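Consider the single chain below, provided in structure tokens and representing the form predicted on its own.
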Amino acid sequence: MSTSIRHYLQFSDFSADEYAYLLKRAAILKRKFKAYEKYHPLSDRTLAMIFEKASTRTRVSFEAGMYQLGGSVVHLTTGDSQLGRSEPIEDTARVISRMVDIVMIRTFEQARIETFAKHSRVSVINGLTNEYHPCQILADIFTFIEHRGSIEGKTVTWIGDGNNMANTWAQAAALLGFELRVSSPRGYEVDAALAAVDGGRRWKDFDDPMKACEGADLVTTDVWTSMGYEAENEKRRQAFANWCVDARMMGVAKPEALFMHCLPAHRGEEVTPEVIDGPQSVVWDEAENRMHVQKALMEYLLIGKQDGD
């Protein structure tokens, strides 16, 4: 395949300058959406969405976003495609990429999406893998900027599982120049090999989640048991008992600190109702912003940088 094809498989695939453009572009596209301004730069383009993991926000945000840009969408799951019948992923990639203009995949191991991208004629976007969730972190950073301005130099605290979200936050911290603190139970820490950028480790580990939250500008978390790890649910429930974001944790963060969660949330487990439904929570803006940053991302991958607003 041509080396000129750009894929978005993990946060470190783009540069800080590209993120500066995408974040500004997302704001422009969001303004157009709020003003009911028709904007159809992708009127002749088709997005294929491949789901090997269930989704609500990823499907709606990509599908609605592509329609808003004037494009078309093809939705595939393992139940209604040959992916579920053991067709080699290389063959699926070769075929689908001849018929559409861009592909979004939500799957299990990162190796699956990397194999697909290697054999694709078009750009591939990671909608979520076990290892990374770059579109979500892009939306989170955009949401922070909307509410508090530049994230550079700020302190972000991750409470809970060292999962795909934590790995991606670590990559973002290295690229965009903010401090990341991570507090996870023993045995559930961030995997340094997955989270590093250019071999460098740019986050601090905290055994005590309260210490990690002190003076933070943003406190964020995720479910204790991600998809694919349901068999560990009870074990994780016990291990994570002290890693529930509550009013005490938010109380030691900065007074203007924000709370984020990628959703779906389990109130009373990883976060208390008073936090997620409280005044510092921006989870609903965060959820909507998936659509706007992904629109900027698809536009960029398909037709490049756009001038003006």
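In this text, residue numbers run from 1 along the sequence as written. Remember, it's a predicted structure, so these values are computed and weren't measured experimentally.
FYI, the form predicted together with a small molecule isn't displayed, but the following is about it.
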>> Test of understanding: in the predicted complex, would Thr56 fall inside 4.5 Å of the small molecule by heavy atoms?
In response: yes
> Can any non-hydrogen atom of Ala64 be found within 4.5 angstroms of the small molecule in the predicted complex?
Replying inline: no
> Should Arg290 be classed as touching the small molecule in the predicted complex when contacts are defined as heavy atoms within 4.5 Å?
Replying inline: yes
>> Considering non-hydrogen atoms and a 4.5 Å limit, does the small molecule approach Gly251 in the predicted complex?
In response: no
> If we take heavy atoms and a 4.5 Å cut-off, which stretch out of 178-186, 67-75, 130-138, 210-218 is in contact with the small molecule in the predicted complex?
Replying inline: 130-138
> From the list Pro255, Pro264, Pro279, Pro273, which entry has a heavy atom within 4.5 Å of the small molecule in the predicted complex?
Replying inline: Pro264
